[in-house]
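Shown here is one chain on its own, the form predicted alone, set out as structure tokens.
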């Protein structure tokens, strides 16, 4: 059984569109998130922590809104910015930019305690990225709980949805969906099926499901 680490049942339903029925269940596990400028190290560390907790295959995701004219901000800090500043403030800042292009990005991290064969998709083989993100004075990456530095590799799958920041439109979705326009519609204007088909998470799940079928 694959455990999708999330508090959002909607993510599990989305995953079920790409995986066989009954093969994925939600795992409510509050792992500590590291601070890092990229999504990959955050998802990788979360997958390791979740696997150590569950003892069975786990899938973790980390996602964010990256605004081109703001050098990718809010990026990995999207949830914090939404909670503290709100999406309307992000939209106001972007409205003054010449370049309002943006993208939703999602990285899925999969860990089952085993290694992975070489493939085009990246594999994070240790916590070195997390240690680097800690900066000077932070703890260096050491061995995991079994004493082996590379014992818990994590396979990463990225999904990407391009668009631009616009005035809020639509009643659906959540988070930044009302201000993110893709192909003429905001995510908040799309029905669930349409959004899942083009979303960053859906595209990452599609890549994962194709790989996982042979795992």
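Residue numbers count along the first chain shown, from 1. C-alpha atoms forming the largest set that superposes within 1.5 Å between two forms make up the rigid core. All figures in this text were calculated on a predicted structure; none of them were measured in a lab.
The same protein also exists as the form predicted in complex with a small molecule; that form is not shown, yet it is the one meant from here on.
By the criterion of a heavy atom within 4.5 Å, residue 201 is counted among the residues contacting the small molecule in the model of the complex.
Residue contact with the small molecule in the model of the complex: residue 11 places a heavy atom within 4.5 Å of it. When the small molecule is considered in the model of the complex, residue 104 lines it closely, a heavy atom lying within 4.5 Å. Taking the partner from elsewhere, residue 160 is found to have every heavy atom lying beyond 4.5 Å of the small molecule in the model of the complex.
Site residues 63, 82 and 176 are all in contact with the small molecule in the model of the complex, judged by any heavy atom within 4.5 Å. Proximity to the small molecule in the model of the complex, defined as a heavy atom within 4.5 Å, holds among 56, 38, 33, 185 only for 33. In the core-superposed comparison between the shown form and the other one, the C-alpha atom of residue 14 has shifted by at least 2 angstroms.
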